[in-house]
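Okay, here we've got a single chain as structure tokens, the form predicted alone, with questions on binding and movement later.
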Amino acid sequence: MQLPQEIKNILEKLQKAGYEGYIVGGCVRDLLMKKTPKDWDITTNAKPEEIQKIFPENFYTNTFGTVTVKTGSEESSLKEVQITPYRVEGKYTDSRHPEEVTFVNNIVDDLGRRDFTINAIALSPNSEQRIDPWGGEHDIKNKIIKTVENPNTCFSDDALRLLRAVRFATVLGFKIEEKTLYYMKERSGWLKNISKERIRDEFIKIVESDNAYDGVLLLEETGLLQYIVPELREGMGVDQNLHHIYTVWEHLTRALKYTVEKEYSLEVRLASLFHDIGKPRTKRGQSHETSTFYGHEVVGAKMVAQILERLKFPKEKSDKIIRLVRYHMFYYNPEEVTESSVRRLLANIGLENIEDLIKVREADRIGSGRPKAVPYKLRHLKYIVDKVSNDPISVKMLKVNGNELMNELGIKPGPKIGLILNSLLAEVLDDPARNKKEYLKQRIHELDKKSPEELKQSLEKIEKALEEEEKDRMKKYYV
């Protein structure tokens, strides 16, 4: 395991000053798993003021002793490195913050305060000596999430660890050890003591992971989901109608699974997970054949707005997710829907969001048990969207307009204006570099000398270009 030079330099400076220094926590875990760490943490027996003396380029603005050192590195993960003295923590009275922090001289005592064994390993400067009193390396090899100390004490100290356990299990593809899982279920209610922002950040990491589907199921198994998005649980056991073979809950989680497989964005993943969240509240009738959910997209959008506000999501992300949920039921039939109706859809959802809206519809289909994500209807919609959202080939593309042409020639409106503009357009289609005002004005005078019959010949070239453009568009979307 080769350490970056910036990390070696920090450890060497600590040693030269007479102190110990180890890399610790998630970066050690990543190295043991042959992954590149996203950030680096170092622990030492030096106190904060001593660390600051050794590394003048620093800032220290917390009460836990962590000094952030600037390395001057070009690598984003190495520009700033956190150095923390060995420490132990007092009792937690609010399941969030320790009453006191005490600096100690023993690295093992420091490792004992950490959450999970996989994060409680220290690595020496030469990368050979590992201090691993809790068997973290063994648990990494066996893909196990286990608390360092008694799970009850671990989770009472910081209830966010309940959610972090799920996140680590999800992101790393690990299993939670039986005793740890038991206490997570028993103490899930402690999550209520944690700020919504901290919950949101962990929830996002779960949804963004490659195992998001399993992560959401694990949130439910541990009892944590009811303290994050209880609205999702309303879909459990709620049957749908003939268009669906799964319950609302199964449908939504399977829709999320599809978006993960396609590596879609966080917004698309959440919109897919939430798109039918309003169905349980709008269900009418109990028959599998005749049940209805009229207006569930409107009710669902309002519910999603409340969820995202509760979890303190940024407004821009919230607005997009809400809009995707609100309009996911758009109707589209190639034989019935007109270009004007597609323009109205674009006005509602925004051209920048239409691709993501179609992705949500794909997830909806696969989550319903349909075999095909993108049927002819959706391909045809993409084709029409492309058609109505791009300017057609026309004289509006030219760098001169009719008024400029009349001023240049000193003539009044008449058929010849259009013929000259079309002739200019035909030339620009042949060579787009000609679409410059100086060149076009020069050509205006030359074309003015031609007869109407000669000028009309350019119309054939334009019509052919329009036909080719349409053929290319149809070929692109297989319609």
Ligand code: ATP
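Start at 1 and count along the sequence shown; that's the residue number. Model, not experiment: these values are computed from the prediction.
Keep in mind that the form predicted in complex with ligand ATP is missing from the display, and what follows is about it.
The stretch that touches ligand ATP in the predicted complex, counting heavy atoms within 4.5 Å, is 108-116, out of 314-322, 108-116, 334-342, 299-307. A heavy atom within 4.5 Å of ligand ATP in the predicted complex is found for one listed residue only; from Arg198, Arg326, Arg254, His380, this is Arg198. Checking Asp39, Asp430, Glu57, Asp448 against ligand ATP in the predicted complex, a heavy atom within 4.5 Å turns up for just one residue: Asp39. For the marked spot (Pro230, Arg233 and Lys279), a heavy atom within 4.5 Å of ligand ATP in the predicted complex is absent from each of the three residues. Proximity of Asp158 to ligand ATP in the predicted complex: non-hydrogen atoms within 4.5 Å are present.
Interface residue remark: Gly21 is not counted as part of the site for ligand ATP in the predicted complex, having no heavy atom within 4.5 Å. Phe168 belongs to the set of residues with a heavy atom inside 4.5 Å of ligand ATP in the predicted complex. Residue contact check for Gly418: none of its heavy atoms lie within 4.5 Å of ligand ATP in the predicted complex. In sequence order, Gly25, Gly26, Arg29, Lys38 are the residues of 9-38 having a heavy atom within 4.5 Å of ligand ATP in the predicted complex; the partner itself is omitted from this view.
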